[in-house]
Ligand code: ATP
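Have a look below at one chain only, the form predicted alone, in structure tokens format.
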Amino acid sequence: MKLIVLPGDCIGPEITDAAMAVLSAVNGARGLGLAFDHDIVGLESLEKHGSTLREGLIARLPSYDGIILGPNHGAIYPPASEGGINYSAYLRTKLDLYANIRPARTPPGKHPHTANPFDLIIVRELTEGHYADRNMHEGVADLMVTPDVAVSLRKVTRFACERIARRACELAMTRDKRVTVVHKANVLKRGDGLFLESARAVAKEFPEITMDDVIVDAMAAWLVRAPERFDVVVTGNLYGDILSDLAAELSGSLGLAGSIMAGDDLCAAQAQHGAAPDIAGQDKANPTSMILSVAMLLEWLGARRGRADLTQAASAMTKAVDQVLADTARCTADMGGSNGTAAFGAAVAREAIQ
């Protein structure tokens, strides 16, 4: 089984190295037989090849079992016509990585921003919605009608709504069998109405599932007030982007939240946060999100390939992260500790093979 590692921009190489230290330790100790190729995307690729994402690399990616993808600093990329492709967004549509799975849970013994511990998962549709660079066959859906009038369009299809709802229900069947659909169908009656209607139709395929729905603004309030009431939350692209960041921060830090972008046949692990250029190269970044994202990739591969050893390795990595986070002294500075990025990764690697 072969994975490709693409570290990305700014803190990407640092957090990816830390995650790879953990994965390599587990791979060797458990004899998983994983092999790794390494390549470049983002600013390094732009400098060397004139593009942040080369066509040749895109063509190779489906041949791998999984992708480990670092964050991008797309805000400073040149236009796509000059090689500045937002590789994260582009790969979601090009490889049909339509399901963004974003868990948010309080680490054992630590829940500083909430009254009670919680453990929920936000399932976000990735290929449609109010994202102008990924919902049109050609061109973008963010238009300037006149210099003073902008019009933004979104695409919502029954097909995409049903398949993301189905992934959410399947995930809920492995947990508490509860799904919450987040929408704004009281105002966006057609687009969000279609999303809600599709989710309810899919829920009929899962009679053990209890499904409710919450309007998005109320959901933001409920996440702050009582996140423990939720289990699996399914929503569209924009709402999921915002709410998953909120849920992650409530768990302690955006840097604690793992994330995968999954299709039917391919999955990419990518930290939920951005590239953090202000601390790049300083060994300060918290690599927890990247480590947990890689663990999620192993779990996804274990389920898809029927390999219990990968599932068990994923569990060991997650448990190791919890053990290190429980010891403040071994945490990175943002969590009150004194470890740098590399030292944190090394500490998790040691725990993972105990």
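Numbers for residues come from their place in the sequence shown, where the first is 1. If you're wondering where the values come from, they're calculated on a predicted model, not measured in any experiment.
Keep in mind that the form predicted in complex with the named molecule is missing from the display, and what follows is about it.
The stretch from 260-268, 280-288, 222-230, 144-152 that comes within 4.5 Å of the named molecule in the predicted complex, counting heavy atoms only, is 280-288. Taking His183, Arg167, Arg105, His273 one by one, only a single residue has any non-hydrogen atom within 4.5 Å of the named molecule in the predicted complex, and it is His273.
Remark: Ala19 does not count among the residues lining the named molecule in the predicted complex, judged by a heavy atom distance of 4.5 Å or less. Leu23 falls outside the set of residues with a heavy atom inside 4.5 Å of the named molecule in the predicted complex. Residue contact check for Gly240: none of its heavy atoms lie within 4.5 Å of the named molecule in the predicted complex. Not displayed here, the named molecule is approached by Gly255 to within 4.5 Å at the level of heavy atoms in the predicted complex.
Proximity of Glu14, Ile101 and Ser293 to the named molecule in the predicted complex is absent: no residue of the three has a non-hydrogen atom within 4.5 angstroms. Residue Asp334 is the sole member of 319-336 found to place a heavy atom within 4.5 Å of the named molecule in the predicted complex.
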